[in-house]
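Given as structure tokens, the chain that follows is alone and in the form predicted on its own.
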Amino acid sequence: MALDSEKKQVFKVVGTRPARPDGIDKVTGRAMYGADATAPGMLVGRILRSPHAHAIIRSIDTSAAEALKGVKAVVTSADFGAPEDESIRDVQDNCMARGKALYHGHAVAAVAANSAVVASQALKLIKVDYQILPHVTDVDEAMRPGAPVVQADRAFENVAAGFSENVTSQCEFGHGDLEAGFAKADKVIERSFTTAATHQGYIEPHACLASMTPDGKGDLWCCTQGQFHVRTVCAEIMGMDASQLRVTASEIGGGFGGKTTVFIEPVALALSRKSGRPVKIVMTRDEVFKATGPTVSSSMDVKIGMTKDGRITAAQARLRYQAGAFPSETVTYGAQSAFAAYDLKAVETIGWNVLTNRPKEAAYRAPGAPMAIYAVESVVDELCQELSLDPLDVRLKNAADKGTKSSYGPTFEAIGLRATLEAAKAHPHYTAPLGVNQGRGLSCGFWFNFGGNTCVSLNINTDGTVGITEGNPDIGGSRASISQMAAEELGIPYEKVRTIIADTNSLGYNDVTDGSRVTFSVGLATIEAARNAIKVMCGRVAKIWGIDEDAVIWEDGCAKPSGPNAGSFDPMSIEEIAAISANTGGPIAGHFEVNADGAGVSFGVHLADVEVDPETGATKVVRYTVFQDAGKAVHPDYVEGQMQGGAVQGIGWALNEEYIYGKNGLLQNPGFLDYRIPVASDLPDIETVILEIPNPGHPYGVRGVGETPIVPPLAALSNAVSRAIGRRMFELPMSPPKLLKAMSQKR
């Protein structure tokens, strides 16, 4: 399954830009999203949420709601069991508060009724007796001894002494002698940074339809990035065998990591089981902001030493990530990512996960990496300014390369960082003149990429066309890229292939669509499934011709004799072989299952030009270019879209977006009116430069591209703004009031 020979890497279908297979359905409104699912006798589900940031639930009286005409079921935490698996229990307790409401918007009860009006009335009739507790929403305050404890007894033993119980885990990475490294530096800079929590901003709210039957079987339709994960979690919570719960993923109106989670599905299943009717729950936008996972907010310290010629001698980071009310591993990814772009002899990163009275965090593309790399790249840029060094040359001098021992442990294989930096340096953007009040920023970015569990079934239809069944929701063009790879391998036109997404009872287990894994791992499995089908077809033809199987080869969609010694036979096309399949052994298919590795890490470089209005503090992005190694761009349109989309989300994160909590611990801006994401008029044309340094772990050299583009924008924009205003910024977002304050202060 490794990279095929260079001779093989001449493609006919891969690398082209065919029409997207979901385009017509989506622009005409035919596509079925989560909220579009219906069922006969369906009830409407609604959830009652805590008005407090932290409170003991003394009692819940649902009798009046249950007595209301049209109400068919009411559930609370008492209607759920107690899973032994701690991670499942956290999901369950996040879906429905058990004993305590841990954040503003935490679910405490739910109803199912004949109509939305009746369901809303029923929520108002539920009486909850709360004992309000002290709360904490800031990560640094939550770490201090004496801080309100969000959840007791959740800290691992490796957490250093001196912190509150809210610090649940600690991670450390690095190597070398830091003290000696800093002693070699001509300049050492140490800075502190903060980033706000930001939401993924998907347009489609969470929605699901659940149907439980009296015999204990269940069906669930939902918008998700991973129907198999939803099945695993919900079956565990509901006390069901996984085989008895079928989960079907709808089309998805945006996810970006935020729909790798379970929030409302167990509630809908419990209401359906209790009422005996299908139950549909659709979150409001207010609920999405209050109760679904934003990314973590952070507080970070970074110290870097550099010689006057630009060599980094030592680097150190301290990362404090608030994960909301439940433990998280995101800080580990941040700590591993922080210095991954550099070849360092002395490096250390320590990270802490911290509980706060906020909603449980969720992935937002490359989870944890954008914040850590923002802090690191900001200090690198400041060192370049202090030492009068070119920021691109400095990064080239220190860039990780093949054979580099990474800051988090492994030794890199073939990577594209140096190539992306060189492409950025050669690009006209880097030397273009800047105007008044403008600045240019640069940042590297990194993500690990993953492979994971994947199962694909490829079926040759009797007319020679191909149907592919795979198990990962398409959130970035995977149906097109998988069809392209199948067409490439089989030697047939792209239009002859159709790829669909299976429900959980139709295919083996597939991991969640995240971590930039799908085009890599499902593509790899598709190629192998196609090769299996080709082997079957060649075997059938060998029997027809009366020759050995290894005397038949596959080229351009046909079985052919391998050479003159194999005999003189006319090629048999896939259409001809399929047409007679019933007489040669039956249906022809190829299957492949794998826990894929070799995904290959991903690097990118972003250049950003901004203009800051000195009177208002408003920032305008005037030019933006993304450089990224795709390994092999299977469908370049989709690759460019991923690169542009990540840049846009990073622009919002850097300049405007943030969760704002009041002193009372309540979220102040739960809607797009007050939580402002970028729109088209806020953005320049985002130029993309795709590099292709083949990933040796994939037959076609593919590496994932979806995570990395959100990593560099935070630092690139902060560096650009800092240079434009002549003052370093250390806090995100860089909203106009913050910039006006910075510009009014002396350097």
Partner chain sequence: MRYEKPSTAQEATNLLATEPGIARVLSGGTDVLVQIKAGMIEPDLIVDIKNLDRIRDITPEQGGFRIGAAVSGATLGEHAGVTALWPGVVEAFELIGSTQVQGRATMAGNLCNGSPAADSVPAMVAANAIARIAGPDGARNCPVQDIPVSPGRTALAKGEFITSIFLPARPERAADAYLRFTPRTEMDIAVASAAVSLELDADGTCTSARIALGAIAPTVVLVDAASICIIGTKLDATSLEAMSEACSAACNPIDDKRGTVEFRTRIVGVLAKRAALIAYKRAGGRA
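Positions refer to the first chain, counted from 1. Not measured: the values here are computed from a predicted model.
This protein has a second form, the form predicted together with its partner chain, left out of what is shown; the following refers to that one.
A heavy atom within 4.5 Å of its partner chain in the model of the complex is found for exactly one of F672, Y130, Y509, Y494: F672. Here is the short version: of N565, S192, T616, S87, the single residue with a heavy atom within 4.5 Å of its partner chain in the model of the complex is T616. Per the 4.5 Å heavy atom criterion, its partner chain in the model of the complex is contacted by stretch 607 to 615, the sole one of 427 to 435, 453 to 461, 374 to 382, 607 to 615. Its partner chain is not shown here, and in the model of the complex it never comes within 4.5 Å of any heavy atom of G726. Taking non-hydrogen atoms only, R623 never approaches its partner chain to within 4.5 angstroms in the model of the complex. Among heavy atoms of I660, some come within 4.5 Å of its partner chain in the model of the complex. For the chain shown alone, D682 is a contact residue for its partner chain in the model of the complex, at least one non-hydrogen atom being within 4.5 angstroms. Within 4.5 angstroms of its partner chain in the model of the complex, the stretch 297 to 330 places no non-hydrogen atom at all.
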